[in-house]
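One chain is shown next in structure tokens, namely the form predicted on its own.
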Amino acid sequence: MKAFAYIRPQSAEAAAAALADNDGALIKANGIDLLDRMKERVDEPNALVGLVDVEAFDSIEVEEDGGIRIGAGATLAQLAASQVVERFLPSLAYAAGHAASPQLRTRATVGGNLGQHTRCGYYRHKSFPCLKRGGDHCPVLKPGGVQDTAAIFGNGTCASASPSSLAPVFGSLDAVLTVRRGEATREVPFAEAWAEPKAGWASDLVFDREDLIESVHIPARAEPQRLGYEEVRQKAAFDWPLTACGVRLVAEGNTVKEARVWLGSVAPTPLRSEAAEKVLVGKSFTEARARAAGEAAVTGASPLPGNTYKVQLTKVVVRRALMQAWGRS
């Protein structure tokens, strides 16, 4: 690992200033992902801007209008244990409480989970070529490439799969990110926060190095909502989803008035499935309808020879997430 300076600001404003003042500096929350990349020399920053001392960076609070604001420094363990999250956002509590392992959940943060880089082995090892690291091609797409965990949507240029387990839940909740650069902050709708793969752009997010995610805001809802999350992974603990789904339903009686279906780990970025939503909205909810939504969710999928199994897994997680949501009143 290359030597680096470590800066510990006390506020978000000071952290943003440190990023601007130190060329090549990177943000470090608790470093679950970043330190791994530094050990492999995939990232070699001159300085790290630590966020552990930033005041109220891990807060979880209900706002006056009923919305919920979650600090980017809140850990997955805090989310899973929060009475506010469990009461109002049970799918988020469930996703956070089942991610990684108990030890990692006490350290991994909301911002880190959203901002982690792809888990693709070619990206993670500097000896391999990789489009995201500036190479001229994605080795996953070449003959003999390892494809089992790769994307089944949007994989024509880069087949990396978005690793965040919280992302499909935040997508289903129409979350808004508060992002700071210098002294200014801006609100970024969740759907606009993601960048399609291109050569030399390592992150899945659109934000530049000097941007700092401060918090995630979940808007208040006037009508009751039903929330669900489901994922499938290779191991029960300390693993990333092979496919995941976060859903939000608003119903009138047995009829679905509004639906959000977001997929994770099947494309280079989190993916909203409007095809699945169309199957649900305006229709009576049944298990057969949930199954049909799962079938619709894989419309347009382009699996590679090594990961065709993920198509069926995606159908299953969509159906299960919907059934889980419908079972909650």
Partner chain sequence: MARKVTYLAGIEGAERELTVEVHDLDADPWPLGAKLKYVGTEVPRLDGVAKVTGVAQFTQDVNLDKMAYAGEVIAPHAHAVVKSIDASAARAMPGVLAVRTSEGKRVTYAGSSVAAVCATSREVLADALAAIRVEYDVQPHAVTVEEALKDEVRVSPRRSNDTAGGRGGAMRRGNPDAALESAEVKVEAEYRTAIQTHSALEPHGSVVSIDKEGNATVWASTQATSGFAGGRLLRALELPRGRVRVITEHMGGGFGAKFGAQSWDVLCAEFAKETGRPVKYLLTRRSEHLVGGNRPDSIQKLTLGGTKDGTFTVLAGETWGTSGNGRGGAGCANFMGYTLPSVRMLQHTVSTFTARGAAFRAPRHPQGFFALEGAIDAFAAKAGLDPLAVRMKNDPHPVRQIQWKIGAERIGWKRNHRKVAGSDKGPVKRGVGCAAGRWSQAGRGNWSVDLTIDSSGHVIVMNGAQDLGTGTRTLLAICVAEELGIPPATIDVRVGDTRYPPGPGSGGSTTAPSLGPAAREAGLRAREALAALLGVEWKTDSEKVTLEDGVFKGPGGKKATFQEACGLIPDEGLRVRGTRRRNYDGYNRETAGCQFAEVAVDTETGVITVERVVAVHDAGRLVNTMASRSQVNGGVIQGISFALYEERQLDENLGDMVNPTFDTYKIMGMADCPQIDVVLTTVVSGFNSIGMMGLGEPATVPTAGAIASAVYNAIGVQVRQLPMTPARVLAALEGRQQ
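Positions refer to the first chain, counted from 1. As the structure is a computational prediction, the values presented were derived from the model and not from experiment.
The following text describes the form predicted together with its partner chain, which does not appear among the structures shown.
Q: Should residue 234 be counted as a contact of its partner chain in the predicted bound form, where contact means heavy atoms within 4.5 Å?
A: Judged by the heavy-atom cut-off of 4.5 Å, residue 234 is in contact with its partner chain in the predicted bound form.
Q: May I ask you to check whether residue 128 falls inside a 4.5 Å heavy atom distance of its partner chain in the predicted bound form?
A: Result yes; residue 128 sits at the interface with its partner chain in the predicted bound form.
Q: Residue 121 versus its partner chain, in the predicted bound form: is there a non-hydrogen atom within 4.5 Å?
A: It does: once its partner chain is placed as it appears in the predicted bound form, residue 121 has a heavy atom within 4.5 Å of it.
Q: Against its partner chain in the predicted bound form, would residue 153 count as a contact residue? Criterion: heavy atoms within 4.5 Å.
A: Residue 153: no, not in contact with its partner chain in the predicted bound form.
Q: Identify which of 36, 58, 274, 295 has a heavy atom within 4.5 Å of its partner chain in the predicted bound form; exactly one of them does.
A: Going through each option in turn, the one that passes is 36.
Q: Only one of 183, 187, 252, 148 gets a heavy atom within 4.5 Å of its partner chain in the predicted bound form. Which one?
A: Spelling it out, the residue with a heavy atom inside the cut-off is 148.
Q: Which among 200-208, 234-242, 165-173, 76-84 is in contact with its partner chain in the predicted bound form, heavy atoms within 4.5 angstroms?
A: Going by heavy atoms within 4.5 Å, the stretch is 234-242.
Q: Can you list, in sequence order, the residues from 135-155 that come within 4.5 Å of its partner chain in the predicted bound form, counting heavy atoms only?
A: Residues within 4.5 Å: 139, 142, 143, 144, 145, 146, 148.
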